[in-house]
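As a starting point, one isolated chain is supplied in structure tokens, in the form predicted on its own.
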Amino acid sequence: MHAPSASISRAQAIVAALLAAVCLVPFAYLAALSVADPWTFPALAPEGWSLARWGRMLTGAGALGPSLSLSLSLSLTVAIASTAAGYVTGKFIAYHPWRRRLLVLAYVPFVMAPVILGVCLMYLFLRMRLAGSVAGVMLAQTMFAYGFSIIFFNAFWSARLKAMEDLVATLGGTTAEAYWRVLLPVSVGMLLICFFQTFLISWFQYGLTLLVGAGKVQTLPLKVYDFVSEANMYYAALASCLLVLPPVALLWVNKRFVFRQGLGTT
């Protein structure tokens, strides 16, 4: 009686292992290529292995150090600003009589592709002297991240949370106390999820950054494409590894602290 179920579970484990291997092979290849010495056809393996490229990047001697720092600071700023603003704005829209009409405005940045919208807004950025600057790229990315944050939190604010806020007011609490003691603790999981998502929106942005930044704001995605276009596969692999590391770390944090502890539910 137990033999069929045991064979099925064994087959499922084998299939899961194969799928995991297929998913991990590209990342393993990038990691290997980033530390490989010259690797030419028809050799099956590189001439040797070296961490020299990683060392040059970490010591700031390479061009990837500044790009990594810029991408991290840019994405963190966009994520924090858009998450905080979307949290408050989403609450305002969720309880507003014109909720549906106001929510349509949050979808405006997603009506067209980021590059097309950037072209439409390029005149405004030029007049404001923000084209080719980090501030201009940050503003352009925040437009998309802020819209996403509003849509995300609009579904979060419910009648239950409104009742909890009203209860605090009934007991004599202030608005600040309602946020600090009730709403923010309940919202921790959703705030983290929105922060992760908006961080990734900024982190992987290429077309809008290239257009508004005029090629002067060299974020990590731009460096990856530059190395690929130059056929510099070793530094392209290194830049790709750096590009993948933050999303992997966020995925681990998301799984470890949000969903496992039930913070994503209210």
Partner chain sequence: MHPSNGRAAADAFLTVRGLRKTFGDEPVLRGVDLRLPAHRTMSVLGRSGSGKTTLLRLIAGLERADAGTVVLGGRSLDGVPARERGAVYLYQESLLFPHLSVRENIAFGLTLGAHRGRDLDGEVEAMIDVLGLTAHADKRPHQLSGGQQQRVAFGRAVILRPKLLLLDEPFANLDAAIRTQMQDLFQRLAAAYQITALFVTHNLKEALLMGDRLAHLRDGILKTYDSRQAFVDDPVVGVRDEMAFWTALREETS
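Everything numeric in this text was worked out from a predicted model, so none of it was measured. Numbering follows the first chain given and starts at 1.
This next part talks about the form predicted together with the partner chain, which is not shown.
Contact annotation: residue 173 falls within 4.5 Å of the partner chain in the model of the complex, judged by heavy atom distances. Interface membership of residue 115, defined by any non-hydrogen atom within 4.5 Å of the partner chain in the model of the complex, is ruled out. Although the partner is absent from this view, residue 160 contacts the partner chain in the model of the complex, with a non-hydrogen atom inside 4.5 angstroms. Of the heavy atoms in residue 181, some are within 4.5 Å of the partner chain in the model of the complex. Of the residues given (105, 169, 120, 126), 169 alone sits with a heavy atom within 4.5 Å of the partner chain in the model of the complex. Among the residues 139, 84, 76, 186, the one placing a heavy atom within 4.5 Å of the partner chain in the model of the complex is 186. Picking from 67 to 75, 140 to 148, 93 to 101, 173 to 181 the stretch near the partner chain in the model of the complex, with a 4.5 Å limit on heavy atoms, gives 173 to 181.
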